[in-house]
Each structure stands twice: as C-alpha cells, then as structure tokens.
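Below, in structure tokens: the form predicted on its own, a single chain.
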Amino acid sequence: MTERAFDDSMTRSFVDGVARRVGLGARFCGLFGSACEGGVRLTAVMADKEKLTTQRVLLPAGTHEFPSLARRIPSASWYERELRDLFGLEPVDHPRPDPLVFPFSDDAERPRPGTGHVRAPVEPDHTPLDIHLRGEGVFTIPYGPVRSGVFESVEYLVETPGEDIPHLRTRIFYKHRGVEARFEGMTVDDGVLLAERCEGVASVAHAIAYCGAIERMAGTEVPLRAGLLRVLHAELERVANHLDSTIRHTEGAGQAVAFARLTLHKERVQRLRAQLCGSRFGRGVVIPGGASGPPRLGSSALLDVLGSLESDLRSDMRLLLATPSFVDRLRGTGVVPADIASRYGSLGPVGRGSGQTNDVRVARPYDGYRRLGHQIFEERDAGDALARQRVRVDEIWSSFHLIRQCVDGLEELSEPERAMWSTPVEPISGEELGWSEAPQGEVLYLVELSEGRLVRVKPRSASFHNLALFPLAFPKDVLTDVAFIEASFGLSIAGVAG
C-alpha cells in the first residue's frame, strides 16, 4: 500500500472529534494503538458521565505520522510518546516527543503490539536527551535509575540552577518488560497471571479490570459472593498501598517511631492477605467469571484481626497528623493546582487531592461495589502533598468499612460449593474495555480475543496517566522536596513502563 501523508482526512476527523468531545466535558482516558493487518488502529477512550466511549481510526500500512492531540489535550502527550516508541508513529506538532517507554534508535524495528510475531532483542538508545534549560549556572542532575533504598528503576533528569527545579523529566524505560507483547497468544486464564504482574502493588485491581473486559465481552455475570470477595481483596490492597505512601513520607521527614509503627501495620495487612488466599499480593483470587474460591480465614477471625489493626492504625495516624514537623513538611509541597489536575484528568488520590472526583467505584460501579456503594469523602482541594496524604487516610477508613460490609455479605451468602464462586466463560471473540479503581486510580484494560486466545491486551495504569503530571508539581519546590512529592503521588514505575 502506498504511503499516506499525516493529513489524511479520516485521521484529522478522528483527532478533531476526540478534541471536540473532551472540550464538551468528557474526560480523556487514553490513546492506544493496536497493530492489525491493515496498519495500526488508534483507539481513544473517554469517560462521559457514567460510561466509557471510544473513537477509532485506522492508520493504513505505510503511515508514519499522525496529527498530535497533545497541544489541545495535554494528557494525551504521554500516550503519543508511547505510540512513537512502540509503533514508530510520529505525533506531528507534539511539544516534546522524547522517548518514553523504550528509546529505540531511528532504524530499530518497533515491537508493534498486536502483530503476534516473535520480537528480536533490541538495545535501548542511551543518547542523552536534549537540554531544556540554558543559561549561566544551569546544570542537569541525573537522579536515578539506581537510588538508595528499595525503589523501582526510574531516572529523574533535574535541570536546575542550584536548588529550584524549573524543569524535570523522567526516564522510565529501565523498567520496561514488554508486557503487552507477552499477552499475545495466551489463553484467557493464563492472561490473568500476567495481568496480576503488570503492576505488582495493584495486582488485584489489574486482575479485576482484565477479567471485567472478558466478562463484558462474554455477557457473563459474576456471582455476588465472588464480587464481594473481589472488593474485600481490592480494599485490603488499597490499605497496603496507602500505608506504603505514608511510610515513605515518615522516612523522608525523619519520623522514626511513626515509620516503624506504620511499617509494622503494613506487614500485618500483608500477612492478613496471605492468610486469606495464600498470597501477600492477593494473587490467584480473581479469575474470569468470578473468584477461585472462598477465603481461607473465617469471618470471625478476619474481623478480629481487622478490628485490632484499625484501632492501632487510628491511634498512630492521629498522632502522626498532629505532629507539626510532619504536617509542615507536606503542607504546600508539590502543589498540583485544580485547573491543571482537571486539564490532565488526574486520577486517584492525586486527582482527589486537587478537587477532582474521579473514582470508578462511584462513576461505573463493578462487582460488589454495585451492592455496597461507596462513601464520598470531604473534598480536598489544596493540591499539595498534605492533601493527597489526607485523601489516603480517608480512604483507609472507608476501606475498613467496605471490608466489613463484604464480610457481612459473604456470611449471608455462605455456601461452600465452588460453583457458587464463578460462572464459566466460554471461548469467545471480540474486543471490550474493563476497568477498576486501583489505589493509584483508574485502571483500564483494552482486551481483544479470537476464539478464546488473546490477540491484543493493552493495560493502562493510573500511574501512567498521573506520572505525566509529576514535573508540573514543582512550581516552588527544591531538590529536597522530590522524595516527598514522589511519595505523595504513590506511583508504580512498573505500571508506567509496561
């Protein structure tokens, strides 16, 4: 097929249509590519009130460019950079299309997820990125990818004249594992194992979103007890993640006692998860059609552990948030203004700390959330690290409440038979979206099946969507604030790099 220019009328109509819908109030959720026989299919996903809508266009084989959305929809920037890396598609008029998930050399073959063929090994192009700031005394600090402590591999390129941070960029490709290509050709059941490992700290949320796409495609209704069990594990996962973010704050602020106490409480949560299902990360619980079986811990024992844990946590959190040296370190640090949070459609605690209300447990309830509902919290709109911390504390207490509701619901439905925990999912073909609310925010899965085999799976973590905001959280901060702002975002680099 002959090469097409980037100003193809259908492509421009697609871009204009997406921008128009976002301009009318829809939230931009992502822009995904899928290689197919005729070229590359682009799918834009938007949230409009209580439903997801999509808009698609096919870029014919031989097309190497497409008009960028990034200047009209800032949150599209990273999605377009990812398309450039994985498909070799150049987003024309993009403000700064630096490599993101993998820095390929210009002549390297791109992986093009969706093709199904075996990829040849490639070496990343380590060419330094262009300098953004210039002037006397300006220099670049490469912070990472290896840092002290247990951190995921990420490099922050800090351009600074000394202490202030007028510009910061991230290089995440050190963590890239080629997850999207690994899905291709798998069975539906095997795909769950990989979905759980896309973003280890949000294993349950990813499994729910992946299975949700398959269940919607098959028209399968998850048994109520399985839906409640999914919520129980998802909320325990939320508590563990929010505690981890708080622990990192206490470490940075030198709060040794609080650090030790909260680390102990997080370990108690992880051990409880292992008692319930055999995995500290909740793996193996969520399967297509429902859950793998009943919890291994009885209701009374679970409630006893939960009650003791919540009581201790409330006491320690009350003391921590009454400690001036801790609170003052977070107040005014890493401010994400409400208008920027809105323009980028920020998710999870990052968005909710800046006045956003995006929470798919409320907007598009799934599984047990349809029965349980979800508490709407007091609005936090300061946009700083302290606001994000308070959002997480609110959510921890809400999680305990939801878990107790799940236990009560499971008691009402107590039946030992496995058949009551899942519904068979027959081999199917088609394409569908799935979602969940991870501790970091909305997770999306675009899943394409052919006769029960995975053709294309595109996971989109909230971490990917929110990390684009990270450089904008330094309007008046200095180098020592980086650790606090990073902890307050609570991101998973594995979920970003793919």
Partner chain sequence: MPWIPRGMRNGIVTTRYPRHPDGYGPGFRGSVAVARDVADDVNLEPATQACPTGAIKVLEGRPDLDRGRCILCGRCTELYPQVFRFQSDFETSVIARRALVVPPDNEDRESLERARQELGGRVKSLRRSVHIRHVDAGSDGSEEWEIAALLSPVYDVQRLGVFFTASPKHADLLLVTGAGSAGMLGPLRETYDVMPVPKVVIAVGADAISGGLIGEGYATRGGIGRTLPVDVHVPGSPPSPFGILHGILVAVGLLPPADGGRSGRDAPDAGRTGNGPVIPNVRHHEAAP
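Small disclaimer: the values here were computed from a predicted structure and weren't measured. Positions refer to the first chain, counted from 1.
Keep in mind the form predicted together with the partner chain is missing from the figure; the text below concerns it.
**Q** Given a 4.5 Å cut-off on heavy atoms, tell me which of 327-335, 358-366, 219-227, 200-208 is the interface stretch with the partner chain in the predicted bound form.
**A** Looking at the other structure, the answer is 200-208.
**Q** Under a 4.5 angstroms heavy atom criterion, identify the one residue in 413, 301, 122, 129 near the partner chain in the predicted bound form.
**A** Checked against the cut-off, the match is 122.
**Q** Only one of 176, 169, 81, 404 has a non-hydrogen atom within 4.5 angstroms of the partner chain in the predicted bound form; which is it?
**A** Exactly one residue meets the criterion: 176.
**Q** Hey, in the predicted bound form, is residue 277 touching the partner chain, heavy atoms inside 4.5 Å?
**A** Yes, residue 277 is a contact residue.
**Q** Would residue 151 count as touching the partner chain in the predicted bound form under a 4.5 Å heavy atom rule?
**A** Judged by the heavy-atom cut-off of 4.5 Å, residue 151 is in contact with the partner chain in the predicted bound form.
**Q** Does residue 145 reach the partner chain in the predicted bound form, with heavy atoms at most 4.5 Å apart?
**A** Contact check for residue 145: yes, within 4.5 Å of the partner chain in the predicted bound form.
**Q** With a cut-off of 4.5 Å between heavy atoms, is residue 343 one of the residues that contacts the partner chain in the predicted bound form?
**A** No, no contact at 4.5 Å.
**Q** For this chain shown on its own, do 86, 240 and 268 all sit within 4.5 Å of the partner chain in the predicted bound form, going by heavy atoms?
**A** Affirmative, all three are within 4.5 Å.
**Q** Go through 247-265 residue by residue and record those having a heavy atom within 4.5 Å of the partner chain in the predicted bound form; state none if no residue qualifies.
**A** In sequence order, 255, 257, 258, 259, 260, 261, 263, 264 come within 4.5 Å of the partner.
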